[in-house]
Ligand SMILES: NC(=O)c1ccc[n+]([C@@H]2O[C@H](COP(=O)([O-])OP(=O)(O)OC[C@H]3O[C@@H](n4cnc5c(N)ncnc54)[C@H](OP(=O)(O)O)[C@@H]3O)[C@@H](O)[C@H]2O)c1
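A single chain, nothing else alongside it, follows as structure tokens in the form predicted alone.
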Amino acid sequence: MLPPTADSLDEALLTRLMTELESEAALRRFEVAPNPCVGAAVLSGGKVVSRGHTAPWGGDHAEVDALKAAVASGTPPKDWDLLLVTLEPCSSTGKTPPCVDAILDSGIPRVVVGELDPDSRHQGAGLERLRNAGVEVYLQDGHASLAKSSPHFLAFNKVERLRRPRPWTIAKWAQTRTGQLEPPEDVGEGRWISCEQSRLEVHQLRSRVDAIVTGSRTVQLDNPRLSIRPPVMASKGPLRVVIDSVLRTSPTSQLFHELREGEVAGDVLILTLAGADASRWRALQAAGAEIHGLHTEDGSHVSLREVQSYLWERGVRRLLVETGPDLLQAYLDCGFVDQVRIYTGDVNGGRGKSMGEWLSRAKLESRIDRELGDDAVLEGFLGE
């Protein structure tokens, strides 16, 4: 049942709105993960004034999005009488301020929530703050389902992962029709597989992560900049991380070149084995790199578990892996990849290892297949 004072919203409308908001929010799941897919609506006199949804990583949460849209609607804030939201509003500061603060600032007197925050550290805290501030709050259990719209968020908040936290990790690669990550030498200058539209989309993806990881071999062969370039705009570039166990990275690589007009890039961090060659260490520092030594698990390579833990300690929550087949396979084998985006170009053949066998065995959840230019794009969350 609804609270007695919520006479402006009937059960049928509530059910329909919760379902619609949840479905609309889930369409953005690959852009918001590991955040949950949340929808919100501002109502006035039983009519919807605005809707909002969790924005791509780093952007507004659903409640703030809906409140901004309500302002733009022209309906006076004094007439906003109810906020409907599929998940308990956050009460702590993360990438954005607490949504509870925005709700209280709006003056909305009533809030209907579809589900509690599953994180035991925050569960119920947002509702308590609203109630303590005099807002009428009603939890409408069963009208929203994170298990349906955001299974990725539930996986990210499992006890074992909270105990040993690591960034949400997205593996992105471009492959030929036979799964090779390198095209034939006479295609795309021996380097490019995906089309221009896909490469532009990758720059957008880079703008929505905290860090990019690559390997020293990729730096040697492709000499990437790992930057964000126009027309994609970003105020800050992600941290650029090179896993380089023996410091093979050249101080003259493009990672250290001056940025071009409109180009954005983060600092360069090289993760190597503790005790790596001192002269190379100094040369890379002089070029502008930060270097950090980690331990090994196999005696010759940096431990990926330590890489993930260290990046989490650095504040990295959403990580993009852009690298060659060896390091990519290592990430996949360790179970550290949560999400994939795979561009299959209009290219036959190719060089090197194929990802085809792995892909044929992969358990992908919430999968989407789409087309972009000449490429086929596959996105999905990796199941257990």
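Start at 1 and count along the sequence shown; that's the residue number. Computed from a predicted structure; not experimentally measured.
In what follows, reference is made to the form predicted together with the named molecule, a form of this protein that is not presented.
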Any non-hydrogen atom of residue 48 within 4.5 angstroms of the named molecule in the predicted bound form: no
task: May I ask you to check whether residue 227 falls inside a 4.5 Å heavy atom distance of the named molecule in the predicted bound form?
output: no
query: Taking heavy atoms and a 4.5 Å cut-off, does residue 174 contact the named molecule in the predicted bound form?
result: yes
- prompt: Just to confirm, residue 346 within 4.5 Å of the named molecule in the predicted bound form by heavy atoms?
  reply: no
message: in the predicted bound form, does every one of 193, 243 and 304 come within 4.5 Å of the named molecule, counting any heavy atom?
response: yes
Contacting member of 89, 215, 238, 167, with respect to the named molecule in the predicted bound form [4.5 Å, heavy atom]: 215
- request: Scan 182, 81, 201, 210 and let me know which has any heavy atom within 4.5 Å of the named molecule in the predicted bound form.
  value: 182
query: Pick from 293-301, 99-107, 115-123, 157-165: which stretch has a heavy atom within 4.5 Å of the named molecule in the predicted bound form?
result: 293-301
query: Taking the named molecule in the predicted bound form, which residues along 73-104 bring a heavy atom to within 4.5 Å of it?
result: none
